[in-house]
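Quick heads-up: it's one chain on its own, the form predicted alone, in structure tokens.
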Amino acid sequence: MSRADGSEAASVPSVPDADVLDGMVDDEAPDPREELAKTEYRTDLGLAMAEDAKRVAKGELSGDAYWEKYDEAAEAEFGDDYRETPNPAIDADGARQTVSRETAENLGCSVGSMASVAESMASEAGAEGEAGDAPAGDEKWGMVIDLQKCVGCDSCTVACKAENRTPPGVSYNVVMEEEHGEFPNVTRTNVPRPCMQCENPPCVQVCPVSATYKMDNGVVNVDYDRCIGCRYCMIACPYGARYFDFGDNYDDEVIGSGEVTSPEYGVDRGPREDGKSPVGNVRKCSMCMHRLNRGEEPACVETCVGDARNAGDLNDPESEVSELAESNRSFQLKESEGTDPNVYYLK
């Protein structure tokens, strides 16, 4: 097809192949060695645990074998922080169990379950929902992002920061951008990238203190009161969707920004100026769980000017998000990782 100036239109598709999109994700991810060099914990141990956590997600290594391999090293490195928390891969009902109870009883950490880790936070978050507005309780939250509709306006990024009061350097929603072709035949690809809320999350597998866990509703959460900031989960995440909170704020731009509280997970965290968590913790998108519990959409979905985002219950076959996720345009980022994200994209 020819343009008005006589040149040929670019043959590059508006949505590139999966390997190009996956490469964009890799470009956004932190350098593992550089990231771990900033912590007080062993870089070599973090690298090894992260790589093997990815193998667990792919089905190449069992959860039993993983923790049998790293139990002694984790206990030596993390001490009581490891010994006094439940193993992160035990599930009370066995639905997502990746470590057998027999193996867990022989490990240096406590024998527990994901339910015991999540119970207090779930009850607090559930209390935030108003009567009649809160979800029924059997949902699996997911999101579908239409790459044909995304205009790269970054309104999702801004809305997310405003909603979750994230500090400098922490952006749960980024829009990756890349140009393809040569001038004047150029196309631009915009790929929004929140947390993927994986069904098989390596970040849960690698966490030595059970700070990262997966809820029954499909959302992967971080318990700031447990997190020790080792950042092993940051390099285990194949999507680069995790960030460390250094305690910075926007006081230079907005007076008093450090005094604003954060509503994440339905827990109203105190002012950042007091230096308490989530300062010193790893942070990530929770799909605005505090809004979901009130019967509202995530902030990024509500504000999307191109109507490129849909969020809802993947367990409901009649929901719009479920129908879109099952369409022939649907795909997941980095499908070869075996993480099975609950965030889908449309070509």
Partner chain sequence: MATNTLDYDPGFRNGRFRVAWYALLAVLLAVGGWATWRRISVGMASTNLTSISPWGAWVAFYIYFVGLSAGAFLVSTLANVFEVEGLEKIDRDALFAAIVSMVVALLFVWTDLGRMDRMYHPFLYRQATSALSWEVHAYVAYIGVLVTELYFSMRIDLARVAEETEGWRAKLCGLLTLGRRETSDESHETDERWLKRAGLLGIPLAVFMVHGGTGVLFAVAKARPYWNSGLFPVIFVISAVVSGTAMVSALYVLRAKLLTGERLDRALMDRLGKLLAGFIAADAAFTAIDALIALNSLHPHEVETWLIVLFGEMSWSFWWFMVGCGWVLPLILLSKRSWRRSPVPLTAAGLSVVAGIVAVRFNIVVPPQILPVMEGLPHGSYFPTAIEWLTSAGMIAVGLLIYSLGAEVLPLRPLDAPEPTGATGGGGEENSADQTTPAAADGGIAETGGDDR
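Positions refer to the first chain, counted from 1. Since the model is a prediction, treat every value here as computed from it, not as a measurement.
Beyond the structure shown, there is the form predicted together with the partner chain, which is absent from this document and is the topic of what follows.
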Original post:
Quick one: does N281 come within 4.5 Å of the partner chain in the predicted complex, counting heavy atoms only?
Top reply: yes
**OP:** Considering only heavy atoms, tell me if V222 and the partner chain come within 4.5 Å of each other in the predicted complex.
**Re:** no
Original post:
Does at least one non-hydrogen atom of P208 fall within 4.5 angstroms of the partner chain in the predicted complex?
Top reply: yes
Original post:
Is the gap between R272 and the partner chain in the predicted complex 4.5 Å or less for some heavy atom pair?
Top reply: no
Subject >> One residue of V144, C198, A236, C160 in contact with the partner chain, assessed in the predicted complex (non-hydrogen atom, 4.5 angstroms) >> reply: A236
**OP:** Answer with one of D268, D138, E178, E84: the residue that has a non-hydrogen atom within 4.5 Å of the partner chain in the predicted complex.
**Re:** E178
Subject >> Segment that reaches the partner chain in the predicted complex - one of 98 to 106, 257 to 265, 70 to 78, 168 to 176, heavy atoms within 4.5 Å >> reply: 168 to 176
Original post:
Taking the partner chain in the predicted complex, which residues along 231 to 267 bring a heavy atom to within 4.5 Å of it?
Top reply: R231, Y232, M234, I235, A236, C237, P238, Y239, G240, R242, Y243, F244, F246, D248
